[in-house]
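There is one chain below, alone, in C-alpha cells, taken in the form predicted alone.
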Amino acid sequence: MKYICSVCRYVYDEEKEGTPFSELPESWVCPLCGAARSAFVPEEGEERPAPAVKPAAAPVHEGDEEMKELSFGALAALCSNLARGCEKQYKAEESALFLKLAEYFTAASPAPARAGLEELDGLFSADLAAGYPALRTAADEEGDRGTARICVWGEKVTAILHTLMQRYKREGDAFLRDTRIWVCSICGFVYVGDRPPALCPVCKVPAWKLEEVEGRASK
C-alpha cells in the first residue's frame, strides 16, 4: 500500500520500503519536507471530504460590493502576500512597494495576544478540517481561480506548521536544539533541519529562496 504526504506529495511505498506504514515510529517524518506521519493519507483515500456546512453568502448592498474594513494586521498580511506574488512574477519594483506598505501597517498594528499551544492546535485543526474545504468549495462554485490557488499553497503551509507544532508539543525544546529553521520567502513553507531542501516542497522555488530564521538569544 502507498501513503502520500499531503504537503509535498512524497510517496511512501510499503512494498519498496519494506516496513508497513503503521509500524513507523511516531518520530518518523517525511524525508522530503519534514511533515509528521499524521500528514500522510492512503493513496486510495486521497479524496478530500466535502465541508459539513456550506458558507453562507454575505449580503451585498448596492455600491459597496467587496467593500470591507480591514485591520492594520490584515492589511499588513495582504500587502506582504502581494509582495510575494510580485516577486514570484519578477516584478521587483512592485514587490518593494508592497513590502514598504506591509512594514507600515505592521508597525501601526497593536501587538497580538500571545496564543498557547493548545489554542494554536485548535486553530490549525479548524482551518484544515473546515476552513480550507469551505473556501475551496466557494472558490470552485464561483470559478475563482485566484482563491483556489491560495488554497493550494495555504493549506499545505498550514499543514506543515501544524505538524511542526505537534512535534514541538511532543519533544519540547529538544526539537529545535542544535538545528536550523528555514522559511520560504515565497509561500511561507517552514523547514527544520541543517540544510533546506533543494526545492521548496510547496511552491517549487530553489533553495536560495528559503531564508534562515535566527533564534532569539536565551537569557
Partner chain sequence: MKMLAVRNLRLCTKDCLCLYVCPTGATDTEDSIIDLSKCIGCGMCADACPSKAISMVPEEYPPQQKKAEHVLTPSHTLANNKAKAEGMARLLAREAESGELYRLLKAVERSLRLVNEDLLRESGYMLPQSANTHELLASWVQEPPAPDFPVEAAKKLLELLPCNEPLEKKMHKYRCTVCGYIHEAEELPPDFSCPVCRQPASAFERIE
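The shown structure was predicted, so the numbers you read here are calculated from the model rather than taken from an experiment. Numbering follows the first chain given and starts at 1. Just so we're on the same page, rigid core means the largest C-alpha set that superposes within 1.5 Å between forms.
Keep in mind the form predicted in complex with its partner chain is missing from the figure; the text below concerns it.
Heavy atoms of residue 164 reach within 4.5 Å of its partner chain in the predicted complex, making it an interface residue. Using a 4.5 Å cutoff between non-hydrogen atoms, residue 44 does not count as a contact of its partner chain in the predicted complex. Shown alone here, residue 32 lies farther than 4.5 Å from its partner chain in the predicted complex, counting heavy atoms only.
Among residues of the shown chain, residue 28 is not one whose heavy atoms approach its partner chain to within 4.5 Å in the predicted complex. Contacts to its partner chain in the predicted complex (heavy atom within 4.5 Å) from stretch 181-198: 181, 183, 184, 185, 187, 188, 190. Once the cores line up, the CA of residue 138 ends up less than 2 angstroms apart between this form and the one not shown. Residue displacement note: residue 116 has its CA displaced by under 2 Å between this form and the one not shown (rigid core superposed). Relative to the superposed core, residue 128 undergoes a Cα shift smaller than 2 Å between this form and the one not shown.
Three angstroms is the minimum change: in the predicted complex, the CA atoms of residue 119 and residue 112 sit closer than in this structure, by 3 Å or more. Between this form and the other one, the CA-CA gap for residue 81 and residue 200 widens by 3 Å or more, being larger in the predicted complex.
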